[in-house]
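In the block that follows, a single chain appears as structure tokens, in the form predicted on its own.
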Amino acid sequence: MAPITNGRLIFKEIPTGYPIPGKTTVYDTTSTIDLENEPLDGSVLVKTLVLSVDPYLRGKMRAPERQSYTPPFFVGEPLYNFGVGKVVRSENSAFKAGDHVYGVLDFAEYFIPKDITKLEVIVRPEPTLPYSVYVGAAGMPGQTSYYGWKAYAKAKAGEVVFVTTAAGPVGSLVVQLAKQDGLKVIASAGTDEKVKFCKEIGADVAFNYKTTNTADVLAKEGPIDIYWDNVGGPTLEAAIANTALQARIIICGYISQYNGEEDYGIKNIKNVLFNQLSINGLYVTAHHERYKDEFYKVIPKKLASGEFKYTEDITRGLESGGEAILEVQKGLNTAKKIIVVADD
């Protein structure tokens, strides 16, 4: 077979604000690949099927010398993130042709991973779930929700939790985990459509933070015992101002400051002392060993049965990947953003 075009989404330029398609990220068709004869050197050749688009990708679009909790993208190379692919050829005994794999995949139609330890064969415990769900509610975002809730929430029935970006893949599962545990849930989202979804999955109070004052809602509906923070900034400050004694704050993200915004100084940090607050930063891989097996026993089954609900916002084609990334940063996605690169 002659070499074929291998489309890739390249990290082209470090952005100063939002990542601009065609400038920050560029869809490239100059690369080719010979599916039958490409050297594998003990690795595998993977066909990319679906890719996850997550807010944290913006943090990887930085200068290499800037330190962070996750490595940076490198200019001139493809982006990468969690995804599902299919093995085309293998020179590794842990994988065979036809296997579906989950892990860190290049934003490329085909790729040969340099670090094969970042891939694992998917054995779908609930095969009725599409593979796209395994990069969303049954993948890293769902794991983030489950691990963080198990590790840090210390939830008790009757308590009050406030969840931000509550219609997203992480927040929406937190809402449902909290309702399962008997809590009152306050949920915020950025559109009326997303607010409606929050109510459908059980939120007792749901509001559009763009049209309703967050501090006013919390003052009325709180005090809050648990705050799940995906945004940081003034929302975190409002939550701290309305905490109950010995409340728990779980910091999962800070999208309000991902795109070049000036760091926001929390003015009421003294409340951490006065209210004896616990604050934990959540990094999903730190909890894999403890909760991964339990997660796959519990969550896919609940998703497949409909007990837990999920939604997806699908972009088809890697050539539209830059637009998908920008939509997530601006909050224009309507649900968990997924890029479908190819059908099985």
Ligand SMILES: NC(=O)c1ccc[n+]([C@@H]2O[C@H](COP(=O)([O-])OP(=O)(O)OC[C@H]3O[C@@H](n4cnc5c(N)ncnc54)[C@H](OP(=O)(O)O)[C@@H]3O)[C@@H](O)[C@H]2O)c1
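In this text, residue numbers run from 1 along the sequence as written. Owing to the predicted nature of the structure, the values given are computational and were not obtained by experimental measurement.
Absent from the display: the form predicted together with the named molecule. The rest refers to it.
- Just one listed stretch, out of 175-183, 104-112, 237-245, 188-196, contacts the named molecule in the predicted complex at the 4.5 Å heavy atom level, and that stretch is 188-196.
- Residue contact check for residue 282: one or more of its heavy atoms lie within 4.5 Å of the named molecule in the predicted complex.
- In the predicted complex, the named molecule sits within 4.5 Å of a heavy atom of residue 168.
- Residue contact with the named molecule in the predicted complex: residue 79 places no heavy atom within 4.5 Å of it.
- Residue contact with the named molecule in the predicted complex: residue 214 places no heavy atom within 4.5 Å of it.
- Among the residues 231, 160, 201, 133, the one placing a heavy atom within 4.5 Å of the named molecule in the predicted complex is 231.
- Residues of 289-314 that come within 4.5 Å of the named molecule in the predicted complex, judged by any heavy atom, do not exist; none qualify.
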